[in-house]
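Next up: just one chain, as structure tokens, the form predicted alone.
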Amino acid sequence: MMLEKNTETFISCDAEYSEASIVLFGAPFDGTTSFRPGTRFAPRAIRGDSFGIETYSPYQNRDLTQLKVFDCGDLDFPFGNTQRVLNMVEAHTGKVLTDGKLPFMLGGEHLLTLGAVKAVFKKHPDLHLIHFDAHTDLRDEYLGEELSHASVMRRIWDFLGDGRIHQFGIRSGEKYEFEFAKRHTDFHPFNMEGLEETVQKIGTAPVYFSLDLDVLDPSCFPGTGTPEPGGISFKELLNAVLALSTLNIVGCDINELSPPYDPSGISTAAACKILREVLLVIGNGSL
């Protein structure tokens, strides 16, 4: 059975499911957010504000109208059951992969990445993960919970293992998380230095790309639950995304926009624009 088209899509993402190469879906969940909740409102805000930007990217000289992207709307999550939410994300991602399409999730909080990566890993056991973020997300548990936005990369490391999680932009975390990262992940704190070399080393291996938008400095992206000063600029993020264009990206997510904390709309505009660029990067092979 084919998925049904969403009635309000991200700009130009209105292809039929049968012809789409990329499937966009929202994951409106912030049930483990420890500071400022609100990311559950991000997918809807991104779709609505997307009509304030153009489909054409002057950075890539490509247009979203050239892609076949199906936006199936938001998953309908239960309240208060984190494991069931992750199971739903995993099942939905798995269906998209089974149908020969690339899953692209809009969070929501970062824990959701765990469900999506589990599904992609089942199909691609040699998977690598590129992780842009302000935070290590490598705690073994947070406040007694192993399933937390603060532990998502640690849970992914549990099955990916050493050297296959590539972290960039990290500037916050416990001391033991930084020590763990130096031993077990490909760790590039504070900025995007080393990304081109990492891309070359990964080569043609399958890659999942997870973008936590709080990697951006809060001066240009205040609308997030855990703002962390000292981040990168939008242009630096854009250049980093463009540097991924040669990779074999087989799954993707963008997360941690929290619209209530930026009534100006600047943060949502940034999310919309970077989503356009990521879609064009991963859809390059179909152009």
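The first residue of the shown sequence is 1; numbering continues from there. Computed from a predicted structure; not experimentally measured.
Here the subject shifts to the form predicted in complex with another copy of the chain, a form of this protein not shown in this document.
**Q** I need to confirm a contact call. Of P125, G161, G144, G203, which residue comes within 4.5 Å of another copy of the chain in the predicted complex, counting heavy atoms only?
**A** Partner contact (heavy atom, 4.5 Å) among the options: G144.
**Q** If contact means any heavy atom within 4.5 Å, which of 213 to 221, 125 to 133, 151 to 159, 112 to 120 contacts another copy of the chain in the predicted complex?
**A** Only one stretch passes the 4.5 Å heavy-atom test: 213 to 221.
**Q** Indicate whether E193 is a 4.5 Å heavy atom neighbour of another copy of the chain in the predicted complex.
**A** Output for E193 is no: heavy atoms all beyond 4.5 Å of another copy of the chain.
**Q** Might K175 be said to contact another copy of the chain in the predicted complex, defining contact as any heavy atom within 4.5 Å?
**A** Output for K175 is yes: heavy atoms within 4.5 Å of another copy of the chain.
**Q** Given that another copy of the chain is not shown alongside this chain, does D74 nevertheless sit within 4.5 Å of it in the predicted complex, heavy atom to heavy atom?
**A** Heavy-atom contact with another copy of the chain at 4.5 Å: present for D74.
**Q** Although another copy of the chain is absent from this view, report whether A270 comes within 4.5 Å of it in the predicted complex, heavy atoms only.
**A** Result yes; A270 sits at the interface with another copy of the chain in the predicted complex.
**Q** Only counting heavy atoms and a 4.5 Å limit, does any residue of 57 to 89 reach another copy of the chain in the predicted complex, and if so which ones?
**A** The stretch 57 to 89, when checked against another copy of the chain in the predicted complex, contributes P58, Y59, N61, F70, D71, C72, G73, D74, L75, D76, F77, P78, F79, G80, N81, T82, R84 at the 4.5 Å heavy-atom cut-off.
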